[in-house]
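The chain below stands alone, shown as structure tokens; this is the form predicted alone.
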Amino acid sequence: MCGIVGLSHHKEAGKIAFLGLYALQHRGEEAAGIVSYDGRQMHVVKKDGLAVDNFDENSIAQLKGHMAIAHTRYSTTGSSHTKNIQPILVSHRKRPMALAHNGNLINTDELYTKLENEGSIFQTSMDSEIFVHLLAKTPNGAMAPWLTKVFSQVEGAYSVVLLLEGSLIGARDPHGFRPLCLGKLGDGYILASESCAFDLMNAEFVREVAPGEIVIIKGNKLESVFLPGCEKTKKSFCVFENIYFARPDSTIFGDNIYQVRKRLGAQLAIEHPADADFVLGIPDSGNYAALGYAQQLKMPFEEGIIRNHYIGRTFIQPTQFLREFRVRVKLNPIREVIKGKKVVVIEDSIVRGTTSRSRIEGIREAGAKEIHMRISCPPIKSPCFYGIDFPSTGELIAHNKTVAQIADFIKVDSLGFLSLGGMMSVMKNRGDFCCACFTGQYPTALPKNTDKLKLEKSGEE
């Protein structure tokens, strides 16, 4: 999962791109980068770490030009290595191009082998680099037909922003797995993974880029084209964006995330009520479902767990050690609120189970009399191949354990998951979502090689 930003026709494009990255920091905390274009050359600043740490007044001043793209990374293909920081910047036939990508391709092996056999030399271990080589090798005339030929060759999940020949391009795969929004700032256009980025930029949200759509922005003019046959492709919006990843103040997939999560909580209360003194949400993403749960049952809602906001999102840390360390540092139960009480703890999901177990242990240590845990999505039983770093089935606790066994592992008095039907009942466009992580029913063919590090070369690291 990553966050991407693109903007055109603005005299401070680099500065505005930084604001977009800051708003999308929750989508990736491993690295951040910005590439700007001044009409003659591109300028780049990209480093490991958070956007707020990577950019200061001096570095932003280097990003000259009226166009820019930006990326904040959470790795799903390729290691957390400096060479894999995006945007990717190259020069072909003395013309610079830069690209940032969110999602995972499923025909990576075939395209990688084909391109290498044709002489391409890859500099990273990301599937994202495939786009650059396809752009270089595909005969290019007019912009729209050229881009259509390129994006028609890739399969899987992609939302892409691209600086190419003086144009800003945004593209979204025909399934629409990952979000991509279109906004307006002054006379120019903005592209971003989520609409919350526009609020910080003081920009206007126009619409979402449609699945299979390519938008070509030249100055303040926008052209839109669609991939051939994309209208026949089943829409497969990632439901986990609604459950966990997207910010609650974003509108994606035609719905506001805050309202979605409250509805999930209300439906969870209908399916799994509990006898308790109050409802407790796991900050931050669990709080909104907890509020919906409490309102549905007319129970008190307490913020009995305080989040340390200097610690990032636990799920998207690249190693289990960092995840476990940050669980303890990130959330601190308030003993005076919890001691001697029966509590309903609302969490957005359980992936491996180790994070939930640690959180429950902390609540138990704070003196809770009973802990009843409720999850605002179904059990996650299958890996994701479209841009979320869900581990193999062996690491997914719900793949091999029943609900009772999971409850025993995380040490709660009772455990309830929202049903698949209940979850989908509260979604707008409910027939247009990918739920493969819950059902194992994938909307595409599966990649032949599912290893996250499949493009790593021996001896490189």
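Here the structure is a predicted model, which means the values were calculated and not measured. Start at 1 with the first residue shown and count on from there.
The following text describes the form predicted in complex with adenosine monophosphate, which does not appear among the structures shown.
task: Would you please decide whether residue 301 lies within 4.5 angstroms of adenosine monophosphate in the predicted complex, comparing each non-hydrogen atom pair?
output: Close contact is absent here: in the predicted complex, residue 301 is far from adenosine monophosphate, nothing within 4.5 Å, heavy atoms only.
query: Does residue 285 reach adenosine monophosphate in the predicted complex, with heavy atoms at most 4.5 Å apart?
result: Yes, residue 285 sits close enough to adenosine monophosphate in the predicted complex that at least one of its heavy atoms falls within 4.5 Å.
message: Whether residue 112 contacts adenosine monophosphate in the predicted complex should be assessed with a 4.5 Å heavy atom distance threshold; does it?
response: The answer is no: residue 112 has no heavy atom within 4.5 Å of adenosine monophosphate.
message: Would you classify residue 244 as touching adenosine monophosphate in the predicted complex, given a 4.5 Å non-hydrogen atom cut-off?
response: Although adenosine monophosphate is absent here, residue 244 would touch it in the predicted complex, with heavy atoms inside 4.5 Å.
Residue (of 389, 199, 370, 213) lying close to adenosine monophosphate in the predicted complex, criterion heavy atoms within 4.5 Å: Of the candidates 389, 199, 370, 213, 389 is the one lying within 4.5 Å of adenosine monophosphate in the predicted complex.
task: Report the residue, out of 353, 248, 273, 379, that has at least one non-hydrogen atom within 4.5 angstroms of adenosine monophosphate in the predicted complex.
output: Result of the distance check: 353.
message: Please determine whether each residue of 155, 237 and 438 possesses a non-hydrogen atom within 4.5 angstroms of adenosine monophosphate in the predicted complex.
response: Checked in the predicted complex: no contact with adenosine monophosphate for any of the three.
- prompt: Of the listed stretches (140-148, 115-123, 343-351, 185-193), which one has a non-hydrogen atom within 4.5 Å of adenosine monophosphate in the predicted complex?
  reply: Residues of 343-351 come within 4.5 Å of the partner.
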